[in-house]
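Single chain ahead, by itself, as structure tokens, in the form predicted alone.
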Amino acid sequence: MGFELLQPRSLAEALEMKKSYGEEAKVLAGGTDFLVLLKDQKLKAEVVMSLRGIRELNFIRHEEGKGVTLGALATHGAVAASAIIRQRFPDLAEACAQVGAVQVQNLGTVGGNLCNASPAADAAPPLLLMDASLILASARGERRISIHDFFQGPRRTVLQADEILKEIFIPQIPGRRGATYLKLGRRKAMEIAIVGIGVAIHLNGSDQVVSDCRIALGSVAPTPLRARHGEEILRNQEIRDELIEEAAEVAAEEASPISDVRASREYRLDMIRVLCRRAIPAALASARGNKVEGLS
């Protein structure tokens, strides 16, 4: 398992290396997925570029009136513990707190979780709910894309050969927002999601009528996805048990899970329904408890 190791100390240096090596240089962030794939010979690399020494990519920054920006090297542990994230985006904090054991959370990064492009990536569903955008950098410059356009398939993204994920931007969300992320796995620690579901409920004034609803699914399709038809069932409606049931059913119809060693297709579809029935009331209760207008 020999390879050439590149260790840039700045983003500018890393981008020049990526320009020179292109796809030949595999990027390592936290390494919690990368090194396992390398060890199991599911990934081949002759050149590995470690980003661990680039401190400018490791931050969580809140800009009043704009939103929150995560450096690509912000760890799951830091995001889960951040007061800013826990207050404004509890679903993202919950997702990061469920990525493996504490050791994995303290090493693995949100950027690496996204770039690995696993359909089961825990950070993806909450970021889909928030319409996050990703800043991709290269020696040529930077470009911003929606997270909805980032994933192309299992372990495939729109990142070009000379690009590195620099930042994740979460825009300010007005009004009263309640959200949750539920993950089904065989055990709490070190488990890939069998099904992951994020739900966000938005209220404007009334505690009864939902102004917006968002449902995101992980581990049930080639990429993480929004269940947009399921969302429409609840949008601009007063939430009732029969509507929750209908939304859960429609969300399951939007998924295309496979059967594998962890679960069958049929089981995953059933669990989408079960988790939706749990997540929607939880998100609604969270939104109703948010009495202060503004970020929540």
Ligand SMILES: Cc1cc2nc3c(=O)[nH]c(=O)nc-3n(C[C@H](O)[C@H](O)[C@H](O)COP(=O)(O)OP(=O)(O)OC[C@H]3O[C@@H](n4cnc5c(N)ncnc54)[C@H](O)[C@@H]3O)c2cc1C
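The first residue of the shown sequence is 1; numbering continues from there. The model shown is predicted, which means the values in this text are computed figures rather than measured ones.
Keep in mind the form predicted together with the ligand is missing from the figure; the text below concerns it.
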Checklist entry - Any chance all of Gly30, Leu165 and Lys183 sit within 4.5 Å of the ligand in the predicted complex, going by non-hydrogen atoms? => result yes
Checklist entry - Using a 4.5 Å heavy atom cut-off, which stretch among 114-122, 141-149, 85-93, 210-218 contacts the ligand in the predicted complex? => result 114-122
Checklist entry - Which residue, Val99, Ala200, Val195, Ala132, has a heavy atom that falls within 4.5 Å of the ligand in the predicted complex? => result Val99
Next on the checklist: Within 4.5 Å, heavy atoms only, which of Leu70, Leu234, Ala227, Leu51 is in contact with the ligand in the predicted complex?
Outcome noted: Leu51
Checklist entry - Is Ile258 close enough to the ligand in the predicted complex to count, meaning some heavy atom within 4.5 Å? => result no
Checklist entry - At the 4.5 Å heavy atom threshold, is Val36 in contact with the ligand in the predicted complex? => result yes
Checklist entry - Are any of the heavy atoms in Ala80 no more than 4.5 Å from a heavy atom of the ligand in the predicted complex? => result no
Checklist entry - So in the predicted complex, does Leu159 come within 4.5 Å of the ligand, heavy atom to heavy atom? => result yes
